[in-house]
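One chain comes next, on its own, written as structure tokens: the form predicted on its own.
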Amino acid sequence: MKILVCISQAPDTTTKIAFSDNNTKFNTAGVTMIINPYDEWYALVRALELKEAGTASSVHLITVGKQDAEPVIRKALALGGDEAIRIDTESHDPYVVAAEIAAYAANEKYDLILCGKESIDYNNGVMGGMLAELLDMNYVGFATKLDLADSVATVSREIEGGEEIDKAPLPLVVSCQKGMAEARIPNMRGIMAARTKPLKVVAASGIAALSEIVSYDLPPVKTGVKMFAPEDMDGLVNALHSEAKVI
């Protein structure tokens, strides 16, 4: 069984966000990029667990990005991936990302494709579903558990008020979230081995984007807390009517 894990890079959560070019571009100067946590902690680690259990024979990694994405994909290799593919283009449009991955994966006969439920930068949560549609595969989104037996996946996912358990035949695309696996840290042996593992660069198909970013806006600056004395209930009520804003 071959597993493909989709890896994206995202700004470190401690990054101070800034924009350039009249707020039309994210300013990456001085920004540390990391593996998107949903891709790393849940999708990749679960794939590695399936390989360690003997269920999968190989775990391939794929990312859509320019050369600056290679340190991120190398870290994913250090965690235990067998080989990596970088599609040489950059886009913030989820359709382009899904279509480029689909164009590569269509002829590779992957049995299972895993991705994070969303990226922590744009939070679209749509790439997995698009990828499944483009590859004509079954799809289960926002999964918290995945087990495989006899080419059938049993997938658990949270729903409002409970849990849903689905069974689906392979090939299958699954987007993963918290509960799927426990985060790992690459060890020194894995880091050294990652330097020699295959990283194939593939030319992009040139697929046209369906959306574009018009501008970015930072959230409003937080204002100070206004305090009222316990006996000043009239002042509190007036402030709630005249000053409070619904967010």
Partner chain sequence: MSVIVLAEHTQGSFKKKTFEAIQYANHIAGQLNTTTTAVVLGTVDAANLEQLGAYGAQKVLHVADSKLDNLSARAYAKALASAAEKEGAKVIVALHDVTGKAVAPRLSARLKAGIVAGAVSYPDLSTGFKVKKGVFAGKAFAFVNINTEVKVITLMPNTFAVQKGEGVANVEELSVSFDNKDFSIQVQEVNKVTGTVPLAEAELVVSGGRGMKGPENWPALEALADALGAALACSRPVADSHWRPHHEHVGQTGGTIRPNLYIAVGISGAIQHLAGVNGSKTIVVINKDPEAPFFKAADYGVIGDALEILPRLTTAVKKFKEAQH
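In this text, the rigid core denotes the largest set of C-alpha atoms whose superposition between the two forms falls within 1.5 Å. Numbering follows the first chain given and starts at 1. Small disclaimer: the values here were computed from a predicted structure and weren't measured.
Beyond the structure shown, there is the form predicted in complex with its partner chain, which is absent from this document and is the topic of what follows.
Exercise for the section: Answer for N22 alone: is it within 4.5 Å of its partner chain in the model of the complex, judged on heavy atom distances? Expected result: N22 lies outside the contact set for its partner chain.
Exercise for the section: Spell out, yes or no, whether the shortest heavy atom distance between I213 and its partner chain in the model of the complex is within 4.5 Å. Expected result: Yes, I213 lies within 4.5 Å of its partner chain in the model of the complex.
Exercise for the section: Check whether N123 has any heavy atom within 4.5 Å of a heavy atom of its partner chain in the model of the complex, and answer yes or no. Expected result: Although its partner chain is absent here, N123 would touch it in the model of the complex, with heavy atoms inside 4.5 Å.
Exercise for the section: Determine whether any heavy atom of D147 comes within 4.5 Å of a heavy atom of its partner chain in the model of the complex, and answer yes or no. Expected result: It does not: once its partner chain is placed as it appears in the model of the complex, D147 has no heavy atom within 4.5 Å of it.
Handout entry: The unique member of I85, M137, A103, A78 whose heavy atoms fall within 4.5 Å of its partner chain in the model of the complex
Key = Exactly one residue meets the criterion: M137.
Exercise for the section: Using a 4.5 Å heavy atom cut-off, indicate which stretch of 192-200, 63-71, 50-58, 213-221 touches its partner chain in the model of the complex. Expected result: Looking at the partner contacts, the answer comes out as 213-221.
Handout entry: Any residue of 126-161 that, in the model of the complex, places a heavy atom within 4.5 Å of its partner chain
Key = Read in sequence order, the residues that approach its partner chain (within 4.5 Å, in the model of the complex) are V126, G129, M130, A132, E133, L134, D136, M137, N138, Y139, V140, F142, R157, E158, I159, E160, G161.
Practice task
Return yes or no for T24: a CA shift of at least 2 Å between this form and the one not shown, with the rigid core superposed?
Solution key: After core superposition, the displacement of the T24 C-alpha between this form and the one not shown stays below 2 Å, so no.
Exercise for the section: Establish whether a shift of 2 Å or more occurs at the C-alpha of D12 between this form and the one not shown, with the two forms superposed on the rigid core. Expected result: No.
Practice task
Could you check whether the CA atom of R189 moves 2 Å or more between this form and the one not shown, using the rigid core for the fit?
Solution key: False for R189: its C-alpha shift is below 2 Å.
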